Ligand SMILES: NC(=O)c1ccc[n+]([C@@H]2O[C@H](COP(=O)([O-])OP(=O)(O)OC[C@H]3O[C@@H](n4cnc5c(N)ncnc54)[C@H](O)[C@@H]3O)[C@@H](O)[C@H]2O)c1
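First, one chain by itself: the form predicted on its own, in structure tokens.
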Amino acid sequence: MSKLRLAVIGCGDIASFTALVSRLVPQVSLSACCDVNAERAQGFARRHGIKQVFTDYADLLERAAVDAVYLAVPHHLHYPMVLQAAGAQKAVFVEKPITRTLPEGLALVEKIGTARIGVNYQYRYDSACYALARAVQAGALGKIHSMRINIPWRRTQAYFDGAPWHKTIAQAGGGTLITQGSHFLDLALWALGEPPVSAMGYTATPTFAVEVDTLAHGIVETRSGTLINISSSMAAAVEQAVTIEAYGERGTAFYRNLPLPSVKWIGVKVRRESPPERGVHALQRSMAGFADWILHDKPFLTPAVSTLPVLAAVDGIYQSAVTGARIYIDRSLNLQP
């Protein structure tokens, strides 16, 4: 197999962006697509030169000449569709989160066994995020006492109206925390290399009349006592840069994603490491990493099991926001980012 034959499932906005980025990944060939809306599926196929077009997922899994599927579908469909693909002996590249809740994620990981299921937490492949994470993992900053994450993003009503499943907890699992914030919370937990053990949080829904949170604040404690403070928003008046700060015994790291991803070191000199895949964009590197995992057995940075810790942290923050109590995460689960 010289190229990964990939089917795109769900032909909406994120799939369109991913299809464009895939042109920069020579290991990947978009070989099929599927959407319940036949007109949308056909239009997607025309725009991206795809010959095999389906409106039924089970039909695609049975008949399409593909090696893997890319799932860009509402969150509540992740669990059943990943299981279907694994049962059909297809590898899966699924948008985050792997599932809506931790119990759902734990059950899915148990059922898929050794199937190759990757989750698109692409910021592990962001050049500056990767450099920060590797510096923390190498101990360059000393013991990390705290990390702070700020995501002042903006969405409009069109975001919810264009994809109404985003509005409901039943379909999305949550709002800004699980959809946007989990990207960077995943990065922090991966950098620290240890699971969350407790969480506290508050959520609110300013600006929009929807069920899900458009503002979330949380504090997550990891096994060694590091505190991660996260603020995630869809309701900023003007969208601004994402920032991540890591405070260690010997030095500090500051990350920001605009105008280009960058990381600054204070108090220490760090030999910056580069992601294991080349490319101009984190999504490009993430796709290349997934393809090389399937084609050449090269380790992928975000296999499904490694994304359960962030789901546990998100679950904990959401539970705390409802109950008003600190939520303790079962240590016997042995979650490892």
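Numbers follow the displayed sequence, beginning with 1. Keep in mind that what you see is a predicted model, and the values were worked out from it rather than measured.
The same protein has a further form, the form predicted in complex with this ligand, not shown here; the description that follows concerns it.
*Asks:* Quick one: of Pro195, Pro261, Pro74, Gly174, which gets a non-hydrogen atom within 4.5 angstroms of this ligand in the predicted complex?
*Replies:* Looking at the other structure, the residue within range turns out to be Pro74.
*Asks:* Please pick, from Ala312, Val28, Cys34, Ala282, the one residue with any non-hydrogen atom lying within 4.5 angstroms of this ligand in the predicted complex.
*Replies:* Flagged contact: Cys34.
*Asks:* Heavy atoms within 4.5 Å of this ligand in the predicted complex: which stretch among 128-136, 76-84, 107-115, 205-213?
*Replies:* Of the stretches listed, the one contacting the partner is 76-84.
*Asks:* Report whether the minimum heavy atom distance between Cys11 and this ligand in the predicted complex is within 4.5 Å.
*Replies:* Close contact exists here: in the predicted complex, Cys11 approaches this ligand to within 4.5 Å, heavy atoms only.
*Asks:* Ala235 versus this ligand, in the predicted complex: is there a non-hydrogen atom within 4.5 Å?
*Replies:* Contact check for Ala235: no, nothing within 4.5 Å of this ligand in the predicted complex.
*Asks:* Although the partner isn't part of this model, could you tell me whether Arg40 comes within 4.5 Å of this ligand in the predicted complex, counting any heavy atom of the residue?
*Replies:* Yes, Arg40 sits close enough to this ligand in the predicted complex that at least one of its heavy atoms falls within 4.5 Å.
*Asks:* So, Glu221 and this ligand: in the predicted complex, are they within 4.5 Å at any heavy atom pair?
*Replies:* The answer is no: Glu221 has no heavy atom within 4.5 Å of this ligand.
*Asks:* Judged by heavy atom distances of 4.5 Å or less, which residues of 106-123 approach this ligand in the predicted complex?
*Replies:* Sequence-ordered list: Asn120, Gln122.
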